[in-house]
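Here we start with a single chain on its own, the form predicted on its own, put down as structure tokens.
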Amino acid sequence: MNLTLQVWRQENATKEGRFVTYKADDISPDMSFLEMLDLVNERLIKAGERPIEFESDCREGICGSCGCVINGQAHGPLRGVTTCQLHMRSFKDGDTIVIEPFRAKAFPIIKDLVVDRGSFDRIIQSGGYVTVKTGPQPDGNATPIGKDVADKAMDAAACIGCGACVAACPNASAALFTSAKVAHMSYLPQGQVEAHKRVVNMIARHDAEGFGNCTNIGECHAACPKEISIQHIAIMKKEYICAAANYEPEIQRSEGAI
């Protein structure tokens, strides 16, 4: 396969970026998208040019670090796959492929296709954990949990925090990510003790990071490589309504009004 790539190149967060055109010739259709970029980078390095900066780690669709926008779609044209799971057979010989980073105020560009998703880490740090004293390690079956509940919690916990939901949302909302982190603990009895405090703090952090509001467009679910359900957003909003009257966000106390 011979392809034309239009890649977003940006030296750092303070400099202007632009699209640069590269030829990607003799590409095997069995290569993954990132393997194709590896080959292009090898050729750039041999030519004395700066390679394209992009993120990757596990390359198995688990870590969530490989996100970029391909032809206007987060992670590319296929549903339910990450960028590293996308193969070049999904494109045709002679195609032009436009590759750019996730675009969001809360995801500032570091370099080329690499963005800073530390805002997700701060949302989790604000409440995505259980701090109750549990004592010695309990037996795995000590707390009975129904299969339906366990399945719902597992579905929510499947979120890998890649940020595709933010990139796809016209409001740059992280409601799907935040709701998945809220919901998978809310379903389980271990997460009930701090449920109200958790949802208030996580939503406050979400807003403080500069993410937009959810308006139920549904693009987040369509772009999510793990197909996280937007039903979790409804659960999060319900919990927030029940909790907001009783809890003041800790971020408000420490950083001023949101």
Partner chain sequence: MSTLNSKVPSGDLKNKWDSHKANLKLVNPNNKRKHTVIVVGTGLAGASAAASLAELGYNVLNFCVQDSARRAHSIAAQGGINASKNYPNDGDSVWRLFYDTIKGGDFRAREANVYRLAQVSANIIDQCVAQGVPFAREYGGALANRSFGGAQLSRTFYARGQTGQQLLLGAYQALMKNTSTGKVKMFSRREMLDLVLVDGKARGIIARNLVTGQLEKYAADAVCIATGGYGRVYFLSTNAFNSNATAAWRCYKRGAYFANPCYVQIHPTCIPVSGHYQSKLTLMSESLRNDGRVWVPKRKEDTKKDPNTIAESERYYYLEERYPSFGNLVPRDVASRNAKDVCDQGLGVGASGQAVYLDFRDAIRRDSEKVIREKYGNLFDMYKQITGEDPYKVPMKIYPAVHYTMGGLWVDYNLMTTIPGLYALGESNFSDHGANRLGASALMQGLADGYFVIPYTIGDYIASEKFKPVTTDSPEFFEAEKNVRANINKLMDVGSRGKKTVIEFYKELGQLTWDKVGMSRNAEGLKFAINRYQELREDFWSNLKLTGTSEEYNKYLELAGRVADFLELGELMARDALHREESCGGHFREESQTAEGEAKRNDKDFCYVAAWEYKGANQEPSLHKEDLSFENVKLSERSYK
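What you are looking at is a predicted structure, and each value in this text was computed from that prediction instead of being measured. Residue numbers count along the first chain shown, from 1.
Below, we refer to the form predicted in complex with the partner chain, which is not included among the displayed structures.
With a 4.5 Å cutoff on heavy atoms, residue 75 does not count as touching the partner chain in the predicted bound form; it lies far away. Among residues of the shown chain, residue 195 is not one whose heavy atoms approach the partner chain to within 4.5 Å in the predicted bound form. In the predicted bound form, residue 167 stays away from the partner chain, with no heavy atom inside 4.5 Å. The closest non-hydrogen atom of residue 94 lies beyond 4.5 Å of the partner chain in the predicted bound form. Residues 57, 58, 59, 60, 62, 63, 64, 65, 78, 81 are the ones in 57-81 with at least one heavy atom within 4.5 Å of the partner chain in the predicted bound form, listed in sequence order.
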